[in-house]
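Before any questions on how it binds or moves, here is one chain, the form predicted alone, in structure tokens.
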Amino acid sequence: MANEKELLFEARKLTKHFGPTVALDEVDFKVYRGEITGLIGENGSGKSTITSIAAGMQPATGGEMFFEGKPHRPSTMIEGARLGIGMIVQEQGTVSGITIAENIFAGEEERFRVGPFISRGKMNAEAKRVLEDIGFTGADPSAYIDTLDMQSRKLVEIAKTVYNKPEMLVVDETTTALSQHGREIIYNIMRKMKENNKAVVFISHDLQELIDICDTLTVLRDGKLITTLDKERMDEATIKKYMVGREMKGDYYRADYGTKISDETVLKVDRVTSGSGMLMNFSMEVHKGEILGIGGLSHCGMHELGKVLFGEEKLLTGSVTHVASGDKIENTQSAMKHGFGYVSKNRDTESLVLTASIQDNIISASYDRIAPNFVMTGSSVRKFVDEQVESLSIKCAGVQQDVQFLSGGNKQKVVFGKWIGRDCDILILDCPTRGVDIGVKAAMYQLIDQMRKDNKTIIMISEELPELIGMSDRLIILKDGAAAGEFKRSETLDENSIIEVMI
């Protein structure tokens, strides 16, 4: 029973306003020791807001919090960590330009002082131990953090947070940035926290992940607490109903099968070896009006393929050709000239300028469309941006609002708006629904399918097999930088058939 459990954290009537927007509306929320508490809701429901206030990232507008029975009002994340709350954020939480070890011990370098100097040797040795403790081996702590890929940087951030031995660990959308191995590392950390009578608050959009990992699941909607489900009441249909306030029937994916793909080739990749070495002598053709799915395990080369197609990564051998013109795609300018658009997996660092407005982000790829005669008027800009905000249902305080203050799903809609506004003929989507809720996913799948019906060509790179199976006309699986298998759209295609060629 709940009254037998030890209460660790409590929020009472917690409220947060961002101008006229109510992000949290008098929310009561409890976290108990020895439990993994899940938080779920559509983008903008208040999940990250409540945990960021608890961790000291931002202040509340109203209400009160208690931690270990005492009033809790941290003014910074450093103070929050000192009080016992560690937070692994959705966005990148490491600092560029310094080493892995310096990232782990930022602000705590004095513990390695030997006489007048900080001992780098001792710091690096301790960093190596900390990384190995969570299962991240092989990294050189003296190397610059910038030499690591996004997943490895996230594991460094996790190691730093866990090293501080928090009583309550907040994991905010972290697993979406990790491979299966990385996910197992964080699952093990959460289980150890539970076994040691500490607490975890786990935010995720992956319903099955929450059902598997969590002891209780709290659902937020439009800044209000809707319900808290115990383990026995957790099933996908029930959770979805509480999240969106209505019964959600059917799946999100395409319902059609047997649709004939055009014979017209729009894009040809011929024996490409990429500058990064992640693609090796790779060839493929893409047809007009098809959704071509690209999948595989981590480091298979699929994300590099997206950059190659958009001219962002140099080639050592081979070519990417826009068939209609015969032109080679050698840089992003030539890609955009021929109607290409690109949604990067790393949304916040590569697809958006977080400190710029929604308007500036949406128009950034379309100056030539808005002002073909080099004359850009306020009315033409407003018309262009308003069309995207309205058609994509971007929730915002206004088009001048900085993108950094939007929820993950609305940020992703801004990225889509940037390229849809440009009316791209070939759209490269790398993990297009990563970190967005089920409602936004459904809307994006409908949008992608409508673009297919409008004879646009979609190349969808994804780490989610159900998404690839459900949306693709054709699916190519990469392994070690080469094509390992190809599958056509079929009602009988299942994950097991694809996994066999992935591994």
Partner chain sequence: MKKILKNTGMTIAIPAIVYVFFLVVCSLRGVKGFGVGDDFATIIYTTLYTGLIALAMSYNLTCGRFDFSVGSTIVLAAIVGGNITKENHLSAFAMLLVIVAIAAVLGLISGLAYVLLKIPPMVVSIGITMVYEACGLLFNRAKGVKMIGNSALIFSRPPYSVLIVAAALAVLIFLYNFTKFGYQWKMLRSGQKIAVDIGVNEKLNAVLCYVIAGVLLGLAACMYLSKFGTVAPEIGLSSSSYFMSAFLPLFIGGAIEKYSDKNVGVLMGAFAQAIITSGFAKLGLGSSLQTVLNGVIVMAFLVYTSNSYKIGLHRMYKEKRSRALAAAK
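In this text, all values refer to a predicted model and were calculated from it rather than measured experimentally. Residue numbers count along the first chain shown, from 1.
Unshown form predicted in complex with its partner chain; subsequent notes refer to it.
- The chain is drawn here without its partner chain; in the model of the complex, the stretch among 218-226, 388-396, 196-204, 118-126 whose residues come within 4.5 Å of it by any heavy atom is 118-126.
- Checking 161, 410, 274, 174 against its partner chain in the model of the complex, a heavy atom within 4.5 Å turns up for just one residue: 274.
- For the options 279, 85, 428, 294, the one in contact with its partner chain in the model of the complex, meaning a heavy atom within 4.5 Å, is 279.
- Its partner chain is not drawn, but in the model of the complex it has a heavy atom within 4.5 Å of residue 144.
- Under a 4.5 angstroms non-hydrogen atom cutoff, its partner chain in the model of the complex has residue 107 among its neighbouring residues.
- Within 4.5 Å of some heavy atom of its partner chain in the model of the complex lies at least one heavy atom of residue 317.
- When its partner chain is considered in the model of the complex, residue 93 lines it closely, a heavy atom lying within 4.5 Å.
- Contacts between 55-81 and its partner chain, taken as any heavy atom within 4.5 Å in the model of the complex, involve only 78.
- Relative to the shown form, the CA atoms of residue 148 and residue 416 are pushed 3 Å or more farther apart in the model of the complex.
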